[in-house]
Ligand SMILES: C[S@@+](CC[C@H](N)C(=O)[O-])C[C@H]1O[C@@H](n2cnc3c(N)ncnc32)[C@H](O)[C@@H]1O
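Heads up, the chain below is alone and in the form predicted on its own; it's given as structure tokens.
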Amino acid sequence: MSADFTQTKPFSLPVEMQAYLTERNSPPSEHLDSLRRIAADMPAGGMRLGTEAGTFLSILVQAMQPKRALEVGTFIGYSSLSIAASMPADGQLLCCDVNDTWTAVARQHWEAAGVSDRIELVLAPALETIAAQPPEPHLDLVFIDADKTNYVNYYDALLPRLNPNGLMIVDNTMWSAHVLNLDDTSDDTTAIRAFNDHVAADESTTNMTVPLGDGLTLITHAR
């Protein structure tokens, strides 16, 4: 039997179970909910990190308490706000993006949430921004959710900069199951497929993909 690749969220829970969990999960903050509503009215709103994934990210950050973090792909700031709000007061998050219009929305919400002092936004190609950072391990947390064709490049550039106990998180790695459809040779699907294979083949790391949203891959240095 062939797989059905027509659904946009093929890994969704049954509606009743999703509703049950949504009623019991901690809701997003007012500032995150504002970003959710803004994204819902945007043509590109689907680029926003999902609400459940954002809460999961916040919990990880609160448990880790990273001092130095880097995000590739900021959009309107949902993931960066999820990270920064859970970081220690002296933590610093470097955000890499190229779109001033979208990130202006992010800046407004960082300021309103009182975390703008923890965030530095650099508007430039992310690989250039990363190359300007110290080459040795110094990052406690890395979050990647940007142009898929550079996922392998981001991984290779950031892994050497990740601290021994650091965590890398990469979004969209299930890609709505299109990675399973070998007839889909689009640039993004091919790139995600190549990234997943690249990570799986890297014996220097331990990785696990959590089937949350469109797939979150967690990567650490192997012990």
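Each residue number is its position in the shown sequence, starting from 1. Quick caveat: nothing in here was measured; it's all calculated off a predicted structure.
Not pictured, yet referred to below: the form predicted in complex with the named molecule.
- Listed stretches are 134-142, 85-93, 121-129, 108-116; the contact stretch with the named molecule in the predicted bound form is 121-129, by a heavy atom cutoff of 4.5 Å.
- Not displayed here, the named molecule is kept clear of Arg161 by more than 4.5 Å at the level of heavy atoms in the predicted bound form.
- Proximity of Asn153 to the named molecule in the predicted bound form: non-hydrogen atoms within 4.5 Å are absent; the residue sits far from the partner.
- When the named molecule is considered in the predicted bound form, Val98 lines it closely, a heavy atom lying within 4.5 Å.
- Contact annotation: Arg48 falls within 4.5 Å of the named molecule in the predicted bound form, judged by heavy atom distances.
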